[in-house]
Every structure is written in C-alpha cells, then in structure tokens.
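So this first bit is one chain, no partners, the form predicted alone, shown in structure tokens.
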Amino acid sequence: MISGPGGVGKGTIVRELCERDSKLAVSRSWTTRKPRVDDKDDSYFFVNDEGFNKHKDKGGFIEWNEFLGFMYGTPMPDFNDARDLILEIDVSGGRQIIEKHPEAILIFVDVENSELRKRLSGRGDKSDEIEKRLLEAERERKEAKEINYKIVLNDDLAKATEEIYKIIRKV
C-alpha cells in the first residue's frame, strides 16, 4: 500500500512502478469527488454518492472512508490476477487493510510542508483546501508512524521510486 498526503506524488510513483514491472498492478479507487485538472483518465472511478453507497452496501470495497467530505473506496481485488496489487490509499484505509492482511507492505510517501503547499497550489487546489490538506497531512503522518509505515521522502522522484521498488521487491 502506498499512502501519503495529497500532492506528494503517490500517483506518479505508482505509475512509474507499474511501467517498470509488469508483475505490478494498481487498484483503481472509487471516489465521489469531482475530477481535478491534473487527474489522469485512469486515476479514479468517479461516481455519485448513490452509486458509491450501493457498491459499499454490497461489500464491493476492501476498504473505504470519508476524506474532506468525499467518499473513497478500494474495490475488492480480483484474486485471479497473478500480479502484485498496489493500493494507493489513505492511512485510515491502510489501517483497515493491515487489520485484514497483516502481511501487507505499508509505505508512506511524504515531502516537507513547504513543498507540499507548493505542489497543491500548482495543481490548482484553493487556499482553504490546501490548509485542510496540510492539517490532514499532519494527522496522516502521526497515524502512519503508529502503524509502522515505511516512510519514503519524495524530494527526488527517481530516488523515491527506486527506494519503494526495492522495498516492494525485497519481500
């Protein structure tokens, strides 16, 4: 699992990992938020509240939670797929997964707050949303330490991607 504050580069790192290694696949999460300008076409399944809740009520998510007023959920994996699945989820979701699958690898990608602020602003987040995300980042950092995430600083994309790849392949 790859977690970390919004804007740290999780999606970019995950795409790099999957391009590097065909034995890796990323789970595409569902969300009720609207697409942002920087979202890739395959970033999320964007659904309304009703669609999300129907899927959730049918047991369609391995984990789900609410974040800044929107719902996010990871669909149940296809256990017939032989690839190793990367979940790009929030730390609370990571806690749900590790309780069910203690063998899961937890990786927390982070950057300094000043860099995080710059990245969030650069992708078009409004200043009030940036402040909420920075507060949430502090909460996530604390929770990640509590449940023993491996911390990777993404101040250099190639270096961070390589470090994560080594963690994943070491197991």
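As the structure is a computational prediction, the values presented were derived from the model and not from experiment. We number the residues from 1 along the sequence you see.
Another form, the form predicted in complex with a small molecule, is not on view; read the next lines as being about it.
- The small molecule in the predicted bound form comes within 4.5 Å of no heavy atom belonging to residue 19.
- Contact check for residue 131: every heavy atom lies farther than 4.5 Å from the small molecule in the predicted bound form.
- Of the heavy atoms in residue 143, none are within 4.5 Å of the small molecule in the predicted bound form.
- Interface residue remark: residue 157 is counted as part of the site for the small molecule in the predicted bound form, having a heavy atom within 4.5 Å.
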